[in-house]
Ligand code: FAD
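Read the single chain below, which is given as structure tokens and is the form predicted on its own.
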Amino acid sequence: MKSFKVLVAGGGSGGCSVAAKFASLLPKGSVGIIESAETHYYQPMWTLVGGGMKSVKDSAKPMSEVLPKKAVWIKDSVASFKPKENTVSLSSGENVQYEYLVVALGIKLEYNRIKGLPEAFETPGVGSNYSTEYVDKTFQSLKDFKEGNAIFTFPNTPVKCAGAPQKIMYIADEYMRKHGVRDKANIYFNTSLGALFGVKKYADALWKIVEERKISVNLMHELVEVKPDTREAVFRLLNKPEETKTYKYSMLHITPPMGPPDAVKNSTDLCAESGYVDVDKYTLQHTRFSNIFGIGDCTNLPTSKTAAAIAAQGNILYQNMKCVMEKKSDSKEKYDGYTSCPLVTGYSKCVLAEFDYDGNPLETFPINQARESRLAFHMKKDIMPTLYWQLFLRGMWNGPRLTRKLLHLGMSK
């Protein structure tokens, strides 16, 4: 049986960056990474792919290039966790033992929870920026649009990058204006949430934008069925759950329901009632097993699930897990829930939302980031991808906390 000092389950943003930190600390071969995918994607770029600004190829690198060279890549997937035995079972039937475990399996897309999917993606006008299989369909739908309803959805589950469902809507609005079809379009944002955005400062700014652009927002609307033959989308009205409302569509962008990976959800010792990895919200240490930590979308941390959140969590996890490994009793580092969502509002503008667990803005720059900004857009489009590949995945980027302190003359958290 293979055995590792540190075993990382998942080679996405969280797993890769944390593995890099520990691989540089420990002797070669001490860190194992379980990951079945051959390709690593920078998923925040898919908003731009759906808007025709980037390609899927731009967002991809071979997994072999991004995983740390001093770590051992286990090309397999997790079948189950056995935390009482310090063991992970693989889909191949093998078991892997560990002293310390980091769970970084991300979140599972569940398109099949919507009746008519995924079959409807084979028909015109239906796309989704959340999958490499369907993201090109989004831009194709945009190019093909002539008139009618363009509908953008948000599911009744936790999602990764909660701003992405409306980013593509703003991009579509500008694209339609540039191509002379906006006056023939009705744009709808049908969201299962009771608010446009979870943080009031940015929600207020976004309400002004949708009003100026004549975008209709329908709250408490959950997509439950797509009928491609008649080009209809059926929504459950969450404030009247027994009722549904049907909309015709010419373009439909779907954000799928999401949930915890099966390997996490089915390992009852590991997960909370929600099915996500049960960790302390400040230390990222498991609530019952002191040698297990969790990071990113697979955890029950009550913050938005974004790559920026993972960057901030990475160093907290590293420092606290190192304390446990060195038998130091106190975890010194605490995660404040920092996350960031660059809300792209067109082909050259962006609202840069940054906030903590309590919904308090934690803005890096000493300006009002709720205002649309060209600088924030170019950061999102041109700077962040380089930062991701060159620093973040190598364990050398822990979020903008120090930059924020410096720019605010030390008067920010």
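All figures in this text were calculated on a predicted structure; none of them were measured in a lab. Throughout, we count residues from 1 along the sequence that is shown.
Keep in mind that the form predicted in complex with the ligand is missing from the display, and what follows is about it.
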- [ ] Give a yes or no for Y130: in the predicted complex, does one of its heavy atoms lie within 4.5 Å of a heavy atom belonging to the ligand?
- [x] yes
- [ ] With heavy atoms only and a cut-off of 4.5 Å, decide whether K305 touches the ligand in the predicted complex.
- [x] yes
Open item on the list: Is it the case that T191, even though its partner is missing from this view, gets within 4.5 Å of the ligand in the predicted complex, heavy atoms only?
Closed with: no
TODO: Verify the contact flag for G106: yes if a non-hydrogen atom of it lies within 4.5 Å of a non-hydrogen atom of the ligand in the predicted complex, no if not.
DONE: yes
Open item on the list: Does the ligand, in the predicted complex, lie within 4.5 angstroms of each residue among S36, I310 and S340, using heavy atoms as the measure?
Closed with: yes
TODO: Could you check which residue among C271, A172, L206, V78 gets a heavy atom within 4.5 Å of the ligand in the predicted complex?
DONE: V78
Open item on the list: Using a 4.5 Å heavy atom cut-off, which of 215 to 223, 242 to 250, 98 to 106, 114 to 122 contacts the ligand in the predicted complex?
Closed with: 98 to 106
- [ ] Determine the residues of 156 to 179 with a heavy atom within 4.5 Å of the ligand in the predicted complex and present them in sequence order; the list may be empty.
- [x] K160, C161, A164, K167
